[in-house]
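Below you'll find only one chain, the form predicted on its own, shown as structure tokens.
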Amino acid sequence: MLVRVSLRCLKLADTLTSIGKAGLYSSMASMERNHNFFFRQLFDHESSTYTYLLGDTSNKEAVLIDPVYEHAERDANLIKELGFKLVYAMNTHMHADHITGTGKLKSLLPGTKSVIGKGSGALADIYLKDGDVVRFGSHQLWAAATPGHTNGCFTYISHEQCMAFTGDALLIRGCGRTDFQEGSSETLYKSVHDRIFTLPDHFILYPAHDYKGLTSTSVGEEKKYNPRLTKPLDEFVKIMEGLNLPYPKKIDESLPANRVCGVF
């Protein structure tokens, strides 16, 4: 169900679109959480992709961020074991390095709706615009448009839990590449500085990938230690232009599949 609400998120005063109603619990001891908030970080070794399960243990509604096709059964089984109802399977953007599990999860867990940014170019049940809010149980994720890696990139922010899911826009001591798929170094720099670095320093950030075994970072850390995004814009652009990264090995398979919600 689509519901419109008006609310204020800390320093952000916007009229936001609330999508449905859904839940979160946390297994993290490092941060204080609401008693009914669930959080679980999952991993795909082949693409180094993180998938995030958030749920409300009171009404048992949940969302899953950036699922991977090969792990759809794993994720569905975990959700069933925990007694959750998956309301939304969400992507931070249209991925080029793996096939999304959203379409497969819709068949494994009937009633699940797929969610992605409106500018992604991918099929979905619900398209997000900047400022929309995804509701699950008593919790919510604020959708902030953070293009630059792709046109449809979004960061999902929980002001209540002091955490954000940054996709490929901001990685741990890095950022997503900008040399394909509508990439723009200037746009990415602005997105990160305007939409992520303006969050409080203590907010914990969870990226879509990490290739060194790190699991999370914080706004304060990245503002101080990110070797790319701490530079002035012109230096950042030169760094991104000189990365000389290899062609993504799964892009020719992943993009066509992800345009149709991973159902191919």
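When you see a residue number, it is the position in the sequence shown, counting from 1. Fair warning: this is a prediction, and the values are worked out from it, not measured in the lab.
There is another form of this protein, the form predicted together with another copy of the chain, and it is not shown here; the text below is about that form.
J.: What is the one choice in 78, 123, 108, 162 with a heavy atom within 4.5 Å of another copy of the chain in the predicted complex?
T.: Comparing distances to another copy of the chain in the predicted complex, the residue within 4.5 Å is 78.
J.: Would you check, heavy atoms only and a 4.5 Å threshold, whether residue 40 touches another copy of the chain in the predicted complex?
T.: Answer yes; at least one heavy atom of residue 40 falls within 4.5 Å of another copy of the chain in the predicted complex.
J.: Just checking whether residue 215 would be counted as a contact of another copy of the chain in the predicted complex - the rule being heavy atoms within 4.5 angstroms.
T.: Residue-level check for residue 215: yes, a contact with another copy of the chain.
J.: Using the partner position in the predicted complex, report whether residue 70 sits within 4.5 Å of another copy of the chain, counting heavy atoms only.
T.: No - in the predicted complex, heavy atoms of residue 70 and another copy of the chain never come within 4.5 Å of each other.
J.: Evaluate residue 58 for contact with another copy of the chain in the predicted complex, applying a 4.5 angstroms cut-off between non-hydrogen atoms, and reply yes or no.
T.: It does not: once another copy of the chain is placed as it appears in the predicted complex, residue 58 has no heavy atom within 4.5 Å of it.
J.: Select, from the options 220-228, 62-70, 191-199, 233-241, the stretch whose residues sit within 4.5 angstroms of another copy of the chain in the predicted complex by heavy atom distance.
T.: Heavy-atom contact with the partner occurs in 220-228.
J.: When another copy of the chain is placed as it is in the predicted complex, are 113, 114 and 129 each within 4.5 Å of it, taking any non-hydrogen atom of the residue?
T.: Spot residues vs another copy of the chain: no contact at all.
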